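Only one chain is included here, represented as structure tokens and corresponding to the form predicted on its own.
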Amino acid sequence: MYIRSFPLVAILILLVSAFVMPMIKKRSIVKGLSLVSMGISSILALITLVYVKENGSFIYRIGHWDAPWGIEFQIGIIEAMMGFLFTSVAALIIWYSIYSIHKEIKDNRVVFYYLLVNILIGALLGIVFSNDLFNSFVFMELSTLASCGIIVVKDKKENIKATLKYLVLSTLGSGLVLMGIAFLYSITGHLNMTFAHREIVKVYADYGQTVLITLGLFTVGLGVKSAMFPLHTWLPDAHSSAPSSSSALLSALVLKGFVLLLVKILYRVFGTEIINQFPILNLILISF
């Protein structure tokens, strides 16, 4: 059924429209293209949400290979709700920015700004929908670079300083997440979340210390990216110096995308049986 492909279509619409923007000379058309593409993605996300509510969760295979070799999206009620929330909130922020962004950044950077916004939301949707650890990591890095871009776009001293601070700490977080993926792959042999969970349930008793280290790597790495206390030192500078619409995107959407990824890893990959044996949830509770 065509509706099952809507999550992928929404991402493609945002990414393709982003790369079309530099070819357009008129800034007003670029603003309209960003708003329209986000609006269409929001409508597709709403249709997906209604479909999931009526028919239950589904898995959408991308390409010709089945999991665990192929790439797949797993769309449940949480993913569908977050997809609609991300696109609808982003559409409202873009609508607001159309009337304010020219007051905060130079005219020759407006096209670049909306290009980054579309890439950012497309990457966040990829994080929300993906059922593959490595593809989630790729989307995570794409969203991080786009986030840095919408902060530094002002091209002022404080923006550059805040962006460098964010980039350095985020790179550290990305390295920890990548190490966590490597540890998890070494004991499960899978990057697909569903298949990794099946294997880790069988072997975690033999790899207790490795599982604990992997949980710590994912929690700290994504804790940096989601500004979890006390790993949030980059956040005040980024918010205070970024354009107002960028600050809204960071606080409303970007941080929540990384939190959702952490929740998916904890519950979809490890499962309640494993994480309840470690104090990881208590630490997260304190941090939030």
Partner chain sequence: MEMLFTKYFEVGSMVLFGVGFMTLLLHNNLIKKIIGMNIMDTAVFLFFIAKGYIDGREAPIVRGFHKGVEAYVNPVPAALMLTGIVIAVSVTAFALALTVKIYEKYGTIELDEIMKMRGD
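Since this is a predicted model, take the numbers as computed values, not measurements. Numbering follows the first chain given and starts at 1.
Here the subject shifts to the form predicted together with its partner chain, a form of this protein not shown in this document.
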Of the candidate stretches 97-105, 195-203, 119-127, 147-155, the one with residues having heavy atoms within 4.5 Å of its partner chain in the predicted complex is 147-155
Decide whether F137 counts as a contact residue for its partner chain in the predicted complex under a heavy atom distance cut-off of 4.5 Å.
yes
Give a yes/no on whether F183 approaches its partner chain to within 4.5 Å in the predicted complex, heavy atoms considered.
yes
Can any non-hydrogen atom of L212 be found within 4.5 angstroms of its partner chain in the predicted complex?
no
May I ask you to check whether M81 falls inside a 4.5 Å heavy atom distance of its partner chain in the predicted complex?
no
If we test each of I93, L85, L115, L191 for a heavy atom within 4.5 Å of its partner chain in the predicted complex, the one that passes is L191
Residues from 170-190 in contact with its partner chain (non-hydrogen atom within 4.5 Å) in the predicted complex
T171, L172, G175, L176, L178, M179, I181, A182, F183, Y185, S186
